[in-house]
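Coming up is one lone chain in structure tokens, specifically the form predicted on its own.
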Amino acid sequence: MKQYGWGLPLAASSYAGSIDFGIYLIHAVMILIFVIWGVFFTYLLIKYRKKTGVSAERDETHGVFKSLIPDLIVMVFEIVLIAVYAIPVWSKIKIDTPASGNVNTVAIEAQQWSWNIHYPGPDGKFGKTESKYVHFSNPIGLDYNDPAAKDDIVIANELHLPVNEPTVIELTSMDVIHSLFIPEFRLKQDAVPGMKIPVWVKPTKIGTFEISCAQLCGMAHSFMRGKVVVQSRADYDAWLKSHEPQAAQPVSASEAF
């Protein structure tokens, strides 16, 4: 599947087309303005070029308002663009998050320099996490004394999603500010320590896509990469089942180390 070319990357989410429309529209209008002004300036250079025996004269017949007409046209276009396009699309993507009861839910906890992907397991509930349980074998500090944590799945740098279904991602960071960036989804969101930020996506194409960090986060920033695997519902369920953990025994904080 070709994902990158001369234009924008492959559009692989339900709102990617809306974002692409705005990008293409703005570029088209800017090119049009550039061409119009280029033609106009060329006309002025030729028509009013220096001529022997002809001195420059100031034309007082054109008022200030007339000279502002091009600027007013551009301003009206920008206001219409914001009101008719930008605000509705922003609201759709950032404000109207799908109701959690009707969607898949995944948590991502960023850290230097990896993405910890946390799936709630068959019970659909995330287990509690505490910093005292953090260990190289338990990177997000799952508390296995919590019944809801026993079926949770935690995998580094590998996000699996079902195609044509919305998924809400609860995004946070355990150290510095990171930024979850998936170009094909047109998804970019900062992960901020101490904040749990919900973002959502509805993938529309089966395939494998890249996750990268779009915020400089330290020495190994460029190596903070992962992948998104978009699958059919049947394949997604089979993948989850194959990664269901064995029954875990309750642990104490001291045993976590």
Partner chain sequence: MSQDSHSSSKPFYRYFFSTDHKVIGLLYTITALFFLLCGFMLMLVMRWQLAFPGSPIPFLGRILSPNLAPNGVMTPDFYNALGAMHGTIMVFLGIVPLGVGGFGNYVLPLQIGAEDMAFPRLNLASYWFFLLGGLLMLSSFIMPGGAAQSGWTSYPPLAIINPGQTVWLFAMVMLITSSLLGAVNFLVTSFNMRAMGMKLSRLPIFVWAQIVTAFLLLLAFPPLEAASVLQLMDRIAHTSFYLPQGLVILGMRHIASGGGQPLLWQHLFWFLAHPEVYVLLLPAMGIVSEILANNTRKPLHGYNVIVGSMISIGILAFVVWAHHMFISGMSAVLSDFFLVTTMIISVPSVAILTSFVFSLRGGSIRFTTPMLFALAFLPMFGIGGLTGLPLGLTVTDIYLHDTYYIIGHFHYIVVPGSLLALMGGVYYWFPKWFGRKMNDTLGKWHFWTSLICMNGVFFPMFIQGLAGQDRRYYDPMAALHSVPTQPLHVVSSVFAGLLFLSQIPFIYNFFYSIRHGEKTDDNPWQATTLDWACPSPPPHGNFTKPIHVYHGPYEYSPVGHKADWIPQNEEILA
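Numbering follows the first chain given and starts at 1. As the structure is a prediction and not an experimental result, all values here were calculated from the model.
Below, we turn to the form predicted together with its partner chain, even though it does not appear here.
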{"item": "Options 146 to 154, 161 to 169, 116 to 124, 80 to 88; stretch whose heavy atom lies within 4.5 Å of its partner chain in the predicted bound form", "value": "80 to 88"}
{"item": "Its partner chain contact in the predicted bound form: P98, any heavy atom under 4.5 Å", "value": "no"}
{"item": "Its partner chain contact at M30 in the predicted bound form, heavy atom, 4.5 Å", "value": "yes"}
{"item": "4.5 Å heavy atom contact, A238 and its partner chain in the predicted bound form", "value": "no"}
{"item": "4.5 angstroms heavy atom contact with its partner chain in the predicted bound form for V106", "value": "no"}
{"item": "Partner contacts in the predicted bound form for 13 to 30 (non-hydrogen atom within 4.5 angstroms of its partner chain)", "value": "I19, G22, I23, I26, H27, M30"}
